[in-house]
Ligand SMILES: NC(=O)c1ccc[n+]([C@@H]2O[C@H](COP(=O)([O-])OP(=O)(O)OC[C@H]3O[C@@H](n4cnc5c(N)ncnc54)[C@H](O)[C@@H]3O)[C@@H](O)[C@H]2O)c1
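Below, in structure tokens: the form predicted on its own, a single chain.
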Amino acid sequence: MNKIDKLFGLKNRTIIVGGGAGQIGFSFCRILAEAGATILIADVDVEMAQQKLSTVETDALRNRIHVFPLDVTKKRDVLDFFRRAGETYGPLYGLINCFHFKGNTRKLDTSSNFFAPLEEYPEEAWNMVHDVNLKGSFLMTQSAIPYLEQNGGGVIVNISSTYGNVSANKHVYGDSGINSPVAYGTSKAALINFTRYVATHVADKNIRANCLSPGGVFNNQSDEFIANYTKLTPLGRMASADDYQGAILFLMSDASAYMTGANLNVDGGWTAW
């Protein structure tokens, strides 16, 4: 095995991707499967996951990705999922928590109370966002630790956001009817420190935990939003989902073997101003 394969190869390693049906999540699944991993997508939107899986070009790659329904806010369901995954796929190597609540799993729906302004933000939306983003990541991580320990160690990566590091900039949204709501920012910020806590408390089990904070991903937003966002991004563009494949491969592989408790910003320079 050459040095590159030793650093970045994931052959015979099973990785759970919570929220793997999403735009960034499925891009993670593809690159990790290409590196040799067996991928278990755990997502509430199984239909979308299956649709994306059907676009994978080769049988060899497609056969490394498996889809399971899971509501990450329900502890009993999470525990049952890990039990079944362990029985079927053997030792667990990694977990990626890549889900977040946005009111609609398929699109940005401006009618959703998820997008309510700060002064009017409803308690029910606040609770739902934190139940999925934060409680879900806690339940998935808590459930994964015994399986990672049985494997002799492993890797956990939580997906935060630019807006987990700095406040949302309300000026980029214009008249789009979309904003980045308060509950999104608070839950994503909490994930960064949750990651630090996990990293320091499970290091003796040979488990590493890091955080990835992506910037904005192009997803057919309005021309006004794209212009406003790119003007504030030093690299002068929004990201594609594939722009995060290198970062997740690094974090999940032995290439990052001496890295834990860290937050990796991959945002085109947004937070560097």
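Remember, it's a predicted structure, so these values are computed and weren't measured experimentally. Note that residue numbering begins at 1 and tracks the sequence as displayed.
Beyond what is shown, the protein has a form predicted together with the ligand; the following relates to that form.
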Can you pick the stretch from 29-37, 213-221, 54-62, 200-208 whose heavy atoms fall within 4.5 Å of the ligand in the model of the complex?
-> 213-221
Can His130 be called a contact residue for the ligand in the model of the complex at 4.5 Å between heavy atoms?
-> no
With a 4.5 Å heavy atom cut-off, would you call Gln23 a contact of the ligand in the model of the complex?
-> yes
Evaluate Phe82 for contact with the ligand in the model of the complex, applying a 4.5 angstroms cut-off between non-hydrogen atoms, and reply yes or no.
-> no
So, in the model of the complex, is Asp71 in contact with the ligand at a 4.5 angstroms heavy atom limit?
-> yes
Using a 4.5 Å cut on heavy atoms, which of Tyr184, Phe115, Tyr147, Phe194 is close to the ligand in the model of the complex?
-> Tyr184
Taking heavy atoms and a 4.5 Å limit, what residues of 140-161 are near the ligand in the model of the complex?
-> Ile159, Ser160, Ser161
